[in-house]
Ligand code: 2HG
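The chain below stands alone and is given as structure tokens, in the form predicted alone.
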Amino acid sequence: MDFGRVTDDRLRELQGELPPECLLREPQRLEAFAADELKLPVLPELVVEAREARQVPPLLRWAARHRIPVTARGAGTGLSGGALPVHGGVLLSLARLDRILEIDPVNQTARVEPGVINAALQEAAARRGLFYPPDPSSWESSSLGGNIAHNAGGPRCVKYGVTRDWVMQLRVVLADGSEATLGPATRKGVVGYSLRDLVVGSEGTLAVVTQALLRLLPKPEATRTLLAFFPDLDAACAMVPAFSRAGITPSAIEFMDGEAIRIVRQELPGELPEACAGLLLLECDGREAAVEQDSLAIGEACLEGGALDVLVAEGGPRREKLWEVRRSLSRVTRRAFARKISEDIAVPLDRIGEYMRGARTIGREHDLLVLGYGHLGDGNIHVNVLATVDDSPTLQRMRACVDRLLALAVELGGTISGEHGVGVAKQPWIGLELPPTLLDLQKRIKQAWDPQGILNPGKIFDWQSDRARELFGAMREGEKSN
């Protein structure tokens, strides 16, 4: 791709459009925006730190005139390299667009800027007796704009769905600097194509979101958390259809397999029974009476399904202690192993046990430890490849293992990414899931929205470019933890 560069003359032109405090070019300031959680630093030529939404259109008009790449960035918590300026150009930081513009208790909506942190909206909504359900694991630090760009999920999506299900309307700036409002401010609307839904999950490649209207719910009166111990993962997996048959919809169903439990048991001695080789962390929420009834029914169903024991917490420190069993896993594995590669595949609910059995077999064939944990209620598995030795032959085995793990997910009717997105990290495998016809169709959509290809270039479809191959190689050499 032949992109323009940020020359001194072009920078002076932009300085006539934007306040000086928005333009950052000093090397130490560029470094602060050079990496996301993929830990692969890529320096932009210029950072534009937008302070107001009205500063975004002139930036994109300037970029379009000179065909300069623009990569939008929120809080930098992404795990796929989606916010890396891989072709240089401008890194557009939206972190300072962090105002909650309105919370409307009548229409049960929130109008927000993209830099608002997910936790800040949840807290603000709760003060008004309202509830924003999407809760990615990074909810305390990730921005809503980033959540929208990657269609973020989380533990609660088993009951409430993912980010897309809560986006009513988007205000966006297109690649030529023009502005558009996508979607009506109503619960229902079927006029034309849903361009709003096309932008959600597009990883910043189609438009820059400057404002979002999000749907809210009344805040649940009560929440119960349960931890159920099973003798094996298959027994734990069988609980999903069991809950469905019983008419119970937990708000979260998290799981850990036997290998994950073994590692966490060393970190939290006494918390997990020795016979436990499959674990479920469950929550239910709603009205107090209904939650009481549902939590009892969940516990009974688990015991009838072969659970060794079920622990229950209503809230506070006890609830946090139960969640700590699940949350500790990523921290423990990072500390205990020299190398770790974590993927975020998803498979149909009835194939989870089959996938994990196949994954363990693949791990043994490569002389590596493979473990799984994640969101049982929606089939999203964080499958981890772990090694105690950090050398080139081990890394080669880990790469080959990951290739087979991703292929297995697709073979079982699943996807190579359930929530982290494609970005840079998953580009080599996109052809496993999308046939050439659909890849071509999506590239043509990109061309229609962004004819010059300046919005977040090098992401999703760009694997064949030399730059993408170079970055992917660097990522794999430095791979430690996703």
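Being a predicted model, the structure only gives us computed values, none of them experimental. We number the residues from 1 along the sequence you see.
What follows is about the form predicted together with this ligand, which we do not show.
Under a 4.5 angstroms non-hydrogen atom cutoff, this ligand in the model of the complex has residue 340 among its neighbouring residues. Under a 4.5 angstroms non-hydrogen atom cutoff, this ligand in the model of the complex has residue 373 among its neighbouring residues. Interface residue remark: residue 295 is not counted as part of the site for this ligand in the model of the complex, having no heavy atom within 4.5 Å.
Under a 4.5 angstroms non-hydrogen atom cutoff, this ligand in the model of the complex lacks residue 360 among its neighbouring residues. Residues within 4.5 angstroms of this ligand in the model of the complex, judged by any non-hydrogen atom, belong to 418-426 and to none of the other stretches in 418-426, 26-34, 434-442, 66-74. For the three marked residues, 137, 326 and 384, a heavy atom of each sits within 4.5 Å of this ligand in the model of the complex.
In summary, among the residues 368, 95, 79, 199, the only one with a non-hydrogen atom within 4.5 Å of this ligand in the model of the complex is 79. Contact annotation: of the candidates 194, 330, 108, 394, the single residue with a non-hydrogen atom within 4.5 angstroms of this ligand in the model of the complex is 330.
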